[in-house]
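In the block that follows, a single chain appears as structure tokens, in the form predicted on its own.
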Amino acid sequence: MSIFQSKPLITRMAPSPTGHLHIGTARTALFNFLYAKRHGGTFIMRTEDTDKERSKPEYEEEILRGLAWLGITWDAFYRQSERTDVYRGYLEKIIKSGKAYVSKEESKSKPGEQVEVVRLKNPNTTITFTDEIRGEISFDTTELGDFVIARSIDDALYHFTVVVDDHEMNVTHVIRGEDHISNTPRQILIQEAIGAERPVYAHLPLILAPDRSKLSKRHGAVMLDEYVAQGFTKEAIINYLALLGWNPGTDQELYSLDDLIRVFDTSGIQKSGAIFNIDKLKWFNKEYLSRLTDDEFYTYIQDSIPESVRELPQYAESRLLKLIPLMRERTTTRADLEHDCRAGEYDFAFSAPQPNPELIKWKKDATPRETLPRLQKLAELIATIPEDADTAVIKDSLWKYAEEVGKGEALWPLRVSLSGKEQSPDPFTIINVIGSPEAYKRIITACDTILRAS
């Protein structure tokens, strides 16, 4: 039983600002956040920026911005670079007590030059700790030797700073990736040297690629910003990341952040690696897009409409709004929408097509001229339809005639005359988007073209 169980629960996220925000880092932050909030505890954000050469402010800003965008907020924030005096104090204390010592050694970066490092005096014991996910784990620390904990009295290394910070900040639970398991014995030895209480450990399964290798850029996007740029919503990302390596024990798949706070617990975290499946993430995104109102969906897409579409001669926001149900049906992410727009899938809404008589005819052995009477009759019917008629009214106005002459005989030439394409939305949807007056003009133009061609 942990000695912390009677104390306020505190978790922490301690990213190094030496690179972009990886989805694995985002998931670890999420699990720490959820666990703290579920148990009424505190969640600390702490950037481990003591690597002066690789740490960059822009990486820190990206990490903090990305986590905040997801809705992961923290109760306190620290930077290790601002705590040098704290680490120095602890180093001086354990050197004085004989648990660490200064060693003059040859510099690894500058051969021939002597440097003073601080090494922890290893008691060469077996360390055993209980992991909330993996159970009891033991290490023989003899092979570690007297390991370096500081490059100098003013330059403490990762293992030392993380232990001091967790001790000073009263962190009760360390929830992190399983790649940190091998770090634990060193950190426990340091805890014992400075008189720190041992936290509860929970090491998360790694996020793996479909081939079960470590997830990397060769498998696609791995940085949060890349998914944001593609148009994945924060709700979909949070929901998906929560289920990467954690199982709620039910068939429920859709969870809001508040839902997750109510049900999350480390008992549901699996031991085996979590396979990243982009198709499943897309499924989540489509589910959340389907929940948006038309106004919310319009806000979601409006910056993703390419200039090539906005520059079409009949482009109008009113038509774009009428396209929303169709776009929503076809869109998984904004990237899909942009692709469809550039491929001309929505050009019919903003540009009258150039009629192709051979494409307009329904049957291959027919002539375009045989299609003409049906198009002329359809034009007459469309002329009676109010401009603001909805799709149901438009269909009712044309369906009886289509059944009389044959649905294919009527609706194929109608749809192709309106869109200029073999594949497009049904003609009732197109008329609703462009309005009956514009639809009438396009049918008349198609009729005129057939007459000229024959």
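None of these values were measured; they are calculated from a predicted model. Residue indices: 1-based, along the sequence shown.
Not pictured, yet referred to below: the form predicted together with glutamic acid (GLU).
Interface residue among 186, 374, 176, 361 relative to glutamic acid (GLU) in the predicted bound form, by the heavy atom within 4.5 Å criterion: 176.
For the options 180, 234, 99, 198, the one in contact with glutamic acid (GLU) in the predicted bound form, meaning a heavy atom within 4.5 Å, is 180. Interface membership of residue 14, defined by any non-hydrogen atom within 4.5 Å of glutamic acid (GLU) in the predicted bound form, is confirmed.
In the predicted bound form, residue 158 approaches glutamic acid (GLU) with a heavy atom inside 4.5 Å. With a 4.5 Å cutoff on heavy atoms, residue 162 counts as touching glutamic acid (GLU) in the predicted bound form. In the predicted bound form, glutamic acid (GLU) lies within 4.5 angstroms of a heavy atom of only one residue of 38-56, namely 48.
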